[in-house]
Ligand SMILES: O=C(O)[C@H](O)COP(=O)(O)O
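This document starts with one chain, in the form predicted on its own, laid out as structure tokens.
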């Protein structure tokens, strides 16, 4: 029995950037507008035509890092050739694997640098089965017509719940008590242990995770304040604080939920720890570069910070094993020696529910791009969509032309496709890259071949695809 399909436009599929933050250069991290986008998800038609690429062999897909079964199933059901690996690959092996694939799916460990991507001659799309896309050279991908999709919202609840759990564990020193009991020591104490009711949680970055955390925290009796570079409407009784210094001086618990950007690197360091309350707590489940770890170690040793929880680190192992040591991060031994410190291996979104949802969201975005050319939700290309072609339109083809955003291109493209009936057309640009999609009717395979050859010969061409 198949589940009912939600045909309402989903705002979570309209992400306009790599994560869930502003496109303004002065707005480094915040939640998107609640008013949605002018673009909405195209409603699937019951008799939609299954398009196939012209001048391309069977679609080959490479999935790394144990992508969830839900995503693998969706891609396999499309008839693609899917190769699945549980781990990431060293760069040289990755280069060998990526040379003939059209689609690659990764999580956070695989690095798709320019060196890797330039070897991927057939690659048309990348799926990041996670929130972040900083492991991909987005500009190189865009410049070469490779779309990148991610799942910016699917694990928001999982991360928010983990932070709530860590707040309670830190307030009760539960980690230390558990370790003592495992070592055979009974140490029943109440000194320095607190209820969280009536305390103040400060959230840095009031995006989807921050907002979910805000609601959960208030339901447990915490007061919530947040700091963000953009003025945002608070949920519940939460309150925005204008300056970081005022924010830090008021919060009992500080939780970081920002992306990895130049503006956020080391944003919590010695100065910020000095501004925090004595006996306050820090939680970082965002990106490892946000917190200056040596400064945190000093602040905890001095007693300024009563406890901390870290789920992310500046350098993280590429796989599971005994790798979280001082060779990876020079301060590793000092960090592990601290009391009331929760260390977890980047598991904020590692729940069955989150990984299943991510698998579905990204795999569906990949199949829509491969089969229909739809770029809604792409983090590095303009967002363009046309309604699906149907089985009642057998002699139609969809032209996709990714090109340099320079004057005169549309005139030349329309001279090529203008000899045919253009049923619908849409184009948009993003920086130096533009994306054109047009449906034309009454064409045969010979004419499609001529169209493809003519478009490929244009000097503005980045990538040409024709689906029919």
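In this text the structure is predicted, and so the values were computed from the model without any measurement. Positions refer to the first chain, counted from 1.
There is another form of this protein, the form predicted in complex with the named molecule, and it is not shown here; the text below is about that form.
Among residues of the shown chain, residue 107 is one whose heavy atoms approach the named molecule to within 4.5 Å in the predicted bound form. At the 4.5 Å threshold, heavy atoms of residue 132 reach the named molecule in the predicted bound form. Not displayed here, the named molecule is kept clear of residue 396 by more than 4.5 Å at the level of heavy atoms in the predicted bound form.
Contact check for residue 350: a heavy atom falls within 4.5 Å of the named molecule in the predicted bound form.
This chain appears without its partner; in the predicted bound form, the one residue of 277, 72, 111, 346 with a heavy atom within 4.5 Å of the named molecule is 346.
Scanning 155, 173, 88, 272 against the named molecule in the predicted bound form with a 4.5 Å heavy atom cut-off leaves one residue, 155. Stretch 123-131 is the contacting one of 365-373, 245-253, 176-184, 123-131, since its residues have non-hydrogen atoms within 4.5 Å of the named molecule in the predicted bound form.
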